[in-house]
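Coming up is one lone chain in structure tokens, specifically the form predicted on its own.
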């Protein structure tokens, strides 16, 4: 077990060193952009895993935190002229407070009822944000808020100012996203090893038994949601600052929430490194699907149209054949090889 852990950390250090040096190896390239997006996906996956993996609360509403973080940064920066990077903690805080607002009542529900409630919250928030500017214009007391600048932009979205040196700007946010990914991993690692994490794991295994041991299940689940929402909100802020354009239909879409559920499950939900592997696999598959085409006779089919179908098929296969995800498959292969080595050595002794 110690050897496996040492090997895991060694591989992680080598991979992290490579991605840190990627902009120097391929400056200003497609790979740099792909690396940054992957860092954001990993951060989202790790953040969702705090609630869904450790606490066992499957949320389909985390897209709301992503969108709130992005639009908080854009609205503050456009209205006040404050540098967008200074709004990052505010974006996380707004997302966390929104998580507290709907998490306190919904987390009293259990199992599929909580998941269904989060779908409703996510869709209601998406519709509200798309129409928020029009709603405010219809209220005499609040119409001045959006008189000169919109809050969400509706179907037009919001656009942040273009930086003077786009290459340096992109490089800075590459390392910013990389640093935040490490922070998210550190938070996940700390929670897993803390009393907070043990309480979440106990709630995941048996909430009734956890209650009898004196664990306030509602309080711990709300705390996990707030931490998860804070991290996801910061990812939304970084996304807005890097891409400089955000659209409420995209940022609050149900597809973003689904992606945050799929990534940890693909990699290995409830583990430290599983969400990382799941995010990488998810992003690679998505990137390949965006350019892949299937030829059926003279008909050319763009596979990006079927991405959710393929993700769903992948999810079903994982649940049926390897519930531990990619990480579980790697561990199973490792145990099989170890068993073969032990058997071979035993036969040699005989």
Partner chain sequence: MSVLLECDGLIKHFGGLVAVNDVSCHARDGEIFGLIGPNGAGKTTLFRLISGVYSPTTGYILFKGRSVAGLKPHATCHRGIVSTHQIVRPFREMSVFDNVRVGAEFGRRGDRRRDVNAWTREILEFTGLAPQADRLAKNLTLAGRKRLEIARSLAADPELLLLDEVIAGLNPTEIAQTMNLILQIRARGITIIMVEHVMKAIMNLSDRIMVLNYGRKIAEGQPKEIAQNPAVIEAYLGQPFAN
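Residue numbers count along the first chain shown, from 1. The shown structure was predicted, so the numbers you read here are calculated from the model rather than taken from an experiment.
Here the subject shifts to the form predicted in complex with the partner chain, a form of this protein not shown in this document.
- Screening 204-212, 157-165, 269-277, 141-149 for residues having heavy atoms within 4.5 Å of the partner chain in the predicted complex returns a single hit, 204-212.
- The partner is absent here; in the predicted complex, the one residue of 96, 265, 199, 107 having a heavy atom within 4.5 Å of the partner chain is 199.
- For the candidate set 114, 102, 220, 174, a heavy atom within 4.5 Å of the partner chain in the predicted complex is found for exactly one residue, namely 220.
- By the criterion of a heavy atom within 4.5 Å, residue 131 is excluded from the residues contacting the partner chain in the predicted complex.
- Remark: residue 255 does not count among the residues lining the partner chain in the predicted complex, judged by a heavy atom distance of 4.5 Å or less.
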